[in-house]
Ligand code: AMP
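Quick setup: one chain, the form predicted alone, written in structure tokens, and binding and motion questions come after.
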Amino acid sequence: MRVLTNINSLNQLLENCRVSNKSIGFVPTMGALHEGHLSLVKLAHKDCDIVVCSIFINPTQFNDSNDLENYPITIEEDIKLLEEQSCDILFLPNVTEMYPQGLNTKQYQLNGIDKVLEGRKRPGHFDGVCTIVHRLFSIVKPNTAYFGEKDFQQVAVIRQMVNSLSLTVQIKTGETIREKDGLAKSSRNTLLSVSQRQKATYVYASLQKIKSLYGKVDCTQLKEMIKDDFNQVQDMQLDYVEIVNPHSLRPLKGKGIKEEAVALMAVFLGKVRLIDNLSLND
């Protein structure tokens, strides 16, 4: 695996791949890799000739400085994991390489899907996400880019950005990879204490409860039930729970029996914030 830290070196290497008509699959990450990330690398290998992974902790998508400071960094372990998956290229830039003119973000036309859920709770978050993903796409120029379904809204935002800018990259998703007890794999899981890790299983259990009752209970009432449940759990705070149309992210009302739906949730366990989602139709 080639490990490159500057854009010029990466461009030279990838240009040779393009001249040889090799397809490029791209997995952008912020490191602290786990099975979820590695499953995307595997998907890229199935589709493409060359697999590029990037590790860059993007400061502009953190609206909480403590969250940025505490984000886990495991570069040596990440490199070993990528080598085991036969990743071809790791792009490992620093902040100056990615933001040569300072930490300035752009704004994108996203039909409002960036203003709800995570966007409402974390102002400016998706400006940072789109700015860095757009820059990475312009550098790597992949045929296909891969993202995890755990970050459901992020994938929807990136798809909208790609459509609005008429970018040629294809966006593919990999299913959420979970622990045996249902907790979605996440880099932030490593920040949980033993007792918090035990309580974290309540997130997926709550999503399953929503799925079991969807179509039988009014959506508004169902969300109130989940809020009441979380109020009974010590050291756990529900940031939001919502039931939405998976395409428009429009909140659903009534029992919603005839409509596609996904439940999304964000939860604080102490200072650690976890997100998860679950389709309610399959």
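Small disclaimer: the values here were computed from a predicted structure and weren't measured. Throughout, we count residues from 1 along the sequence that is shown.
There is another form of the same protein, the form predicted in complex with this ligand; it is not shown, and what comes next is about it.
Of the candidate stretches 83-91, 104-112, 177-185, 208-216, only 177-185 has residues whose heavy atoms lie within 4.5 Å of this ligand in the predicted complex.
In the predicted complex, none of the heavy atoms of Lys141 sits within 4.5 Å of a heavy atom of this ligand.
Although the partner is absent here, Leu40 is a contact residue: one of its heavy atoms lies within 4.5 angstroms of this ligand in the predicted complex.
This ligand is not drawn, but in the predicted complex it has no heavy atom within 4.5 Å of Asp78.
Taking non-hydrogen atoms only, Asp151 approaches this ligand to within 4.5 angstroms in the predicted complex. Residues of 48-71 placing a heavy atom within 4.5 Å of this ligand in the predicted complex: Tyr71 alone.
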